[in-house]
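Next comes just one chain, in structure tokens: the form predicted on its own.
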Amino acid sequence: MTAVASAPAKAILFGEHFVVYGKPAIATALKRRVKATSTMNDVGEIRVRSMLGYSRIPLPCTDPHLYEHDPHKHIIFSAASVMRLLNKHVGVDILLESDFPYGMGLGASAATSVATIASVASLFGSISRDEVFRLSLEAERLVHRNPSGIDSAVCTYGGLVLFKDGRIERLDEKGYDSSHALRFMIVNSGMMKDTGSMVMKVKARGESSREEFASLAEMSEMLTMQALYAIMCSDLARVGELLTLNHGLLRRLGVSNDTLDAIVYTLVKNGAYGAKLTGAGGGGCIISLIDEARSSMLFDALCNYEAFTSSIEDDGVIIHTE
């Protein structure tokens, strides 16, 4: 038996880092996906193959400490959690295929866990999206220690979302007219980021400079809520301006660098409405809001970098029937 599921990439538009400290954030699912194909095996192991390599762990995989250094630890945990939930004790082979880069701030760890959970669950029955989200968030804790939940939520439910006070709300449910679709260009800096080290760096900054950090957090909240209003009004110029201002705030926080700053500058100089780093920083991707008519010019200006365009992906996790 084989089951296939996929989950979208995500990008945070406003509020990264500060969302962990209770401030709001806006994020979107992107039209790039990771696909998980699960097949039962008779060797009593969870075996995972992806661009990160190959792993095999014998069942029952009840102790995450036994595989905490494995590059697929969150995938092994995800599959084992689903089987415990469904009271199944069968070996599973999991193949992960992605059309967006790992380790670049696009939510690959959450997307792979969401796709894995849905795929393995569909081998034996089904579970709700809320259960997929819950199990993915548990798996994310193995990778990011104290995740806000926004990555798992966007990869599970899709859409353009506001994450506030621990709750997620799709903006189309708040009256956002999706016919005025936002169009993004995502540029891969080529620099691998380390989410854990960036999160710890921000935490140390908050502990050593409490007043400054509180001021930056308030600024992040103000930018996010102004962006929410501009998005709801389809004011693309204002949304772009706020994106660039948000990048400046993240630069002050210490999570940008010269390469990321240069990509932002190039995008804005060549006609993007605005741009910023997305995710933890220190590397990874830049997201910009663009006019489709200027995309060729922007691709030419950034010809030395991998880049793609995307609108909002409305669908979250999908079970594929073959």
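Don't overthink the numbering: it's just position in the shown sequence, from 1. This is a predicted model, so every value here is computed, not measured.
Here the subject shifts to the form predicted together with a small molecule, a form of this protein not shown in this document.
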Looking at 164, 144, 134, 183, which is the one with a non-hydrogen atom within 4.5 Å of the small molecule in the model of the complex? 144
By the heavy atom within 4.5 Å rule, which residue out of 98, 195, 244, 188 makes contact with the small molecule in the model of the complex? 195
Is residue 150 close to the small molecule in the model of the complex, meaning a heavy atom pair under 4.5 Å apart or at it? yes
Is there any non-hydrogen atom of residue 289 lying within 4.5 Å of the small molecule in the model of the complex? no
Going by a heavy atom distance of 4.5 Å, is residue 298 a contact of the small molecule in the model of the complex? no
Although the small molecule is absent from this view, report whether residue 171 comes within 4.5 Å of it in the model of the complex, heavy atoms only. no
Answer range among 102-110, 218-226, 86-94, 67-75 for contact with the small molecule, defined in the model of the complex as heavy atoms within 4.5 Å: 102-110
For the three residues 23, 26 and 160, which mark the spot I'm curious about, does each lie within 4.5 Å of the small molecule in the model of the complex through at least one heavy atom? no
